[in-house]
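Next up: a single chain in C-alpha cells, the form predicted alone.
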C-alpha cells in the first residue's frame, strides 16, 4: 500500500538527509514513524508524497510510482503536512472545498463527510471563520478534515497530533483505527512512542536518515528487557548525557 525502496535524499549537494531507507506498509496497518528532530522523517514523507524527488530509490502508493505515475499516486493518499499555516485568508469551509474540488469529491459525499469530521473535531461552528483567526490547534484540525474529505486508501500524516487538544487527538486515533480496519493503511510520524505503543501495528525508527528499527513495539520491548520505551528510544538514537 505504501512502499519505499532504497530512498535517499541529499540537501545542498553533500548532506545526506535520508540514506537507503526501505519499508512496506500493508493494507490494514497503522505504522508509527519515529525519530528525533532532524532524523529525516519529514524528508521521507515529502518523498513519499511527491513534494521532493528522491536522489535515489523509489516510492509507491497503492501500486503507483510517485514519480512516474504521480497523478494516480496522489489520488491514492491523504497528506497532512507538518505546517498548518497555509492559505489563511480562506475560511475553513473554503479551504475544505478547495481541497475537495482538487480531488473531485461529489457534493453529496463531500457534505456528509465534512459534516461528520467537523462534528468529531469540534469545528462545526468555526468553518465560516477565516483561518487566520484560528488557533494553531484549530488550523491543525482543519487541515486534517480537508485532507480526509476525499477518503483515499492511504493516509500519510506528518506529526498530526501536534497542537491537538486531548479530545481531537482521541478522535484522530479512532479515525486511524476505523480506516485501517477497512483494509486501508496509515503512516504517521510521531515523537511519542507511547502513542505508537497503543495505536500502531508496527513502528519504524530512524536517525540521521538511516533505519534503526522496524517491527512491533512488543518485539522492541522484548529485545530491551527491563527498559521503558523512552530508555529504549534514547538507546537506539545513541543519546549521551555529555551531548547536552
Ligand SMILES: Nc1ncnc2c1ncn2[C@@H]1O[C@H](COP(=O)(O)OP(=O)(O)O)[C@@H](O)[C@H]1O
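Everything numeric in this text was worked out from a predicted model, so none of it was measured. Positions refer to the first chain, counted from 1.
One more form of this protein exists, namely the form predicted together with the named molecule; it is left out here, but the text below deals with it.
Using a 4.5 angstroms threshold between heavy atoms, residue 17 counts as touching the named molecule in the predicted complex. Using a 4.5 angstroms threshold between heavy atoms, residue 39 counts as touching the named molecule in the predicted complex. At the 4.5 Å threshold, heavy atoms of residue 62 stay clear of the named molecule in the predicted complex, well away from it.
Contact check for residue 184: no non-hydrogen atom falls within 4.5 Å of the named molecule in the predicted complex. With the partner left out here, the named molecule still marks one of 54-62, 214-222, 40-48, 192-200 in the predicted complex; by a 4.5 Å heavy atom cut-off that stretch is 40-48.
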